[in-house]
Structure formats: structure tokens, C-alpha cells
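First, one chain by itself: the form predicted alone, in C-alpha cells.
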Amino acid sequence: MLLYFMPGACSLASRIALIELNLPFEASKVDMATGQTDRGVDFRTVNPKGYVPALAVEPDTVITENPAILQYIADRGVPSLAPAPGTIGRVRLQEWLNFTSSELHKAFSPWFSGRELTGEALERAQAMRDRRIGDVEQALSDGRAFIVGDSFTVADAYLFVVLSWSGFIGLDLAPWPGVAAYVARIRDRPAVRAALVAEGLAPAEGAA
């Protein structure tokens, strides 16, 4: 498998899942400004929509959209990083993948638009972002360690990545203690640390 990624983008969730399951894969970095990969490929020939992630599972078979990619990866491993298809557990996982994709991810998007946020636009964006983080805080208020059930799933990989963008925009998660603890807990997983190191987002162990 070949994962097309941009460091720190939502494609990081796919890398985490692949490492968690010890699945063999290669990775190709995409320069979103030029649309070129580090292998000299026009990324739009891989994904005409032009954004990461994309996962080439065969030379002529490419999967796009994070929730779809993550579920594909989850089902390749033993044990799976997702509840079995057809179960309520799988539906709950899909709920959280879709919430993260359509609501939480979108709520962080204004800070990555390349446009300055000021005045009422900033206030609206902050209010929506904080509301969506609050939704996660509420879900975690029952003391669960993971967002679906009792074990780590691909929904945690994606949710962790988007919540971690708080660091890129200078947002302190202290007002949401459950979320802050969740992010710290997921970050401590060996596969997550390995993925962060691979994308240059954390120093390797033992590095000065």
C-alpha cells in the first residue's frame, strides 16, 4: 500500500492505523502548493479532488476520503481496529468518523484557510470550534478511555489528529479537561509516537 500524505494533515490518522496494525506500506509526501508528490507525480492523477489522504491499495486502485480509508485499513488487521460490520459498534464508529470529518474537522478549517480571521468571522469560528470540542468533552464525560467502546479504534486515530491541531493554532485545551487528557493518552501510544516522528512532528526517542 502507498499512502499519500501531508505532514500533520488528517492523513496522519491513516499512518497511525497502518502502524498500529503493523501493515506494510510506503508513504509519499504531497506538496499541496504545487500538487506534486515527492516522487515527481502530479497528485491530481492519483486523487482528482486534490487533497490527502489517498491510499493506493493496488497500482490501479486508489481509495480516498479519510473515513473510507480508515475503515479499509481497520479491516486489514487482526484484531481489527473497528467493530465488526453490521454491528451497532460499527455504526458508533461510523458516527464518530463522520462527526470528526464533517463537523470537528470543518470547525478547525478556518485557521488553515490562508485568510486572516478577525472580528465577527473570528468570533463565529471560535464559537463553532469550541462547541464541537465540547461535544467530544461531553462524550468523554462518562470516563471512557476511547471514543468507541473499550479499545482503540480508527475513530480515535482520526479524532486525535484533528484535536491535536489545537497546538498548531495556539489553542489551550485546558477548558476541556477530558479532551486534554484524551489527547495526551492517545499521543502516548507507541504507534502514535512513531507516526509523529515519521512525519517530523516529534523528535525520535533519544534525540537531543
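Don't overthink the numbering: it's just position in the shown sequence, from 1. Everything numeric in this text was worked out from a predicted model, so none of it was measured.
There is another form of this protein, the form predicted together with a small molecule, and it is not shown here; the text below is about that form.
- With the partner removed from view, the residue among F152, W176, W165, Y182 that has a non-hydrogen atom within 4.5 Å of the small molecule in the predicted bound form turns out to be W165.
- None of 34-42, 140-148, 65-73, 166-174 except one has non-hydrogen atoms within 4.5 angstroms of the small molecule in the predicted bound form; the exception is 65-73.
- Put simply, M6 is close to the small molecule in the predicted bound form: some heavy atom of it is within 4.5 Å.
- At a distance threshold of 4.5 angstroms between non-hydrogen atoms, G50 is in contact with the small molecule in the predicted bound form.
- The closest non-hydrogen atom of Q94 lies beyond 4.5 Å of the small molecule in the predicted bound form.
- The small molecule is not drawn, but in the predicted bound form it has no heavy atom within 4.5 Å of I186.
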